[in-house]
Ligand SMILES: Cc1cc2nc3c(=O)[nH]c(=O)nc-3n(C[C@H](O)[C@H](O)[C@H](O)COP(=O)(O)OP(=O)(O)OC[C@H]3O[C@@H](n4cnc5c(N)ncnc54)[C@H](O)[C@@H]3O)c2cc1C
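The chain below stands alone, shown as structure tokens; this is the form predicted on its own.
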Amino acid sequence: MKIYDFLIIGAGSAGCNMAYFLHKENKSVAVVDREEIAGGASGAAGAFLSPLPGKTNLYNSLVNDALEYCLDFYQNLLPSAVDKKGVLRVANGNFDEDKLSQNSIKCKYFSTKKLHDISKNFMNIDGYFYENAAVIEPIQICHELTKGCDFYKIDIQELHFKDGLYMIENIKAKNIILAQGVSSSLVKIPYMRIAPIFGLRIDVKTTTEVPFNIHKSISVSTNKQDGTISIGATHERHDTAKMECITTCDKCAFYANSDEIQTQTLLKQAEELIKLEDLEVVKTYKGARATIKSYFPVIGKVIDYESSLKKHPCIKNGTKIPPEMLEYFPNIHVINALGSRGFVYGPYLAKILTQNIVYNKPIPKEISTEKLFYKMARKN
């Protein structure tokens, strides 16, 4: 029986990128998922790679640093799956005119007249054009990322650890990477409270030439290499107290028989940006993106919450206990809460976590498991 260095649970953007970077470090890697590779939210993603405007802060700096890295990464990995033509951002409730125009990212203002000069199909809109943006084919990318790694389709319900190894059916591994998205974690991580947010994407065929991606409250892609355009949105937050994600969204009763209404709403919003002629809906995708309240992603070693507080109860009173003195689940790391930017964050976070595991390089505080642990422990 083969013993893997790493078993990655979850074959979405997070898990597949981890597989890629660990394999590059000459580690033997197995990837496990209850669906196929990119069979859940990542495969359903619009996979728009766009900047986050606004005055510089920790969050948009993280997003934009990750964007710079992932654009080069994907173009080197699989250029045939990348369409890099920029994005036009149109003002809306979250990003008003001031926030789009007065930010640290280089952009150009496109007036209604300029857009009409580019294409007669643009509606009466204006916006700010960012050159550094793209759309990718998520399933192709995930398959490319996992080349050289073994994949197993297994619905794992629990982990078994014995004699320094994790055992799942006929698989043995020295280390576990939890990249489960909205699925219930296989170990208790109460300080990482995942909130699923529903996303919808439709691929359509049209005779309209869409010169670049367009983003308002939804996103419309440029014409991709397969002849389609993608229209996508991330809208509805689940109440996690009332439901648990045990399958993919296309099979979930929560969304049963709602395809037509959701699709028509998305098409109507797209038509407010650009007229899509001879429109034909090819396929609809659904997926729940994993987020936490702060919207920051989370990576790092998985802390055993109960054991750490039992060993150091003074943490609750604000006493600073160094991370190395906490109790951890043996050889388990997590990469999660990538939200609607799963393919922006994926390579960037996977590289950071891999370097932490292999070379002990530090993880930035704002995306670490330790930050969430201390916050919850002191609050409670």
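Residue positions are given as counts along the sequence shown, with the first one as 1. Being a predicted model, the structure only gives us computed values, none of them experimental.
Not pictured, yet referred to below: the form predicted together with the named molecule.
Legend entry - Listed range touching the named molecule, judged in the predicted bound form by heavy atoms within 4.5 Å, from 56-64, 307-315, 37-45, 324-332: That would be 37-45.
Legend entry - Partner proximity in the predicted bound form: L349 to the named molecule, non-hydrogen atom cutoff 4.5 Å: Result no; L349 lies far from the named molecule in the predicted bound form.
Inset, instruction - Indicate whether I9 is a 4.5 Å heavy atom neighbour of the named molecule in the predicted bound form. - result: Taking the distances in the predicted bound form, the answer for I9 is yes, it comes within 4.5 Å of the named molecule.
Legend entry - A14, heavy atom within 4.5 angstroms of the named molecule in the predicted bound form: Yes, A14 sits close enough to the named molecule in the predicted bound form that at least one of its heavy atoms falls within 4.5 Å.
Inset, instruction - Would you check, heavy atoms only and a 4.5 Å threshold, whether L78 touches the named molecule in the predicted bound form? - result: Flag for L78 set to no.
Legend entry - Contact residue in the predicted bound form, from C107, I139, V210, I156 (heavy atom within 4.5 Å of the named molecule): Comparing distances to the named molecule in the predicted bound form, the residue within 4.5 Å is I156.
Legend entry - Residue among A270, L200, L115, I176 with a heavy atom within 4.5 Å of the named molecule in the predicted bound form: Of A270, L200, L115, I176, the residue with a heavy atom within 4.5 Å of the named molecule in the predicted bound form is L200.
Inset, instruction - Can you tell me which bits of 216-233 touch the named molecule in the predicted bound form, meaning any heavy atom within 4.5 Å? - result: Contacts from 216-233: just A233.
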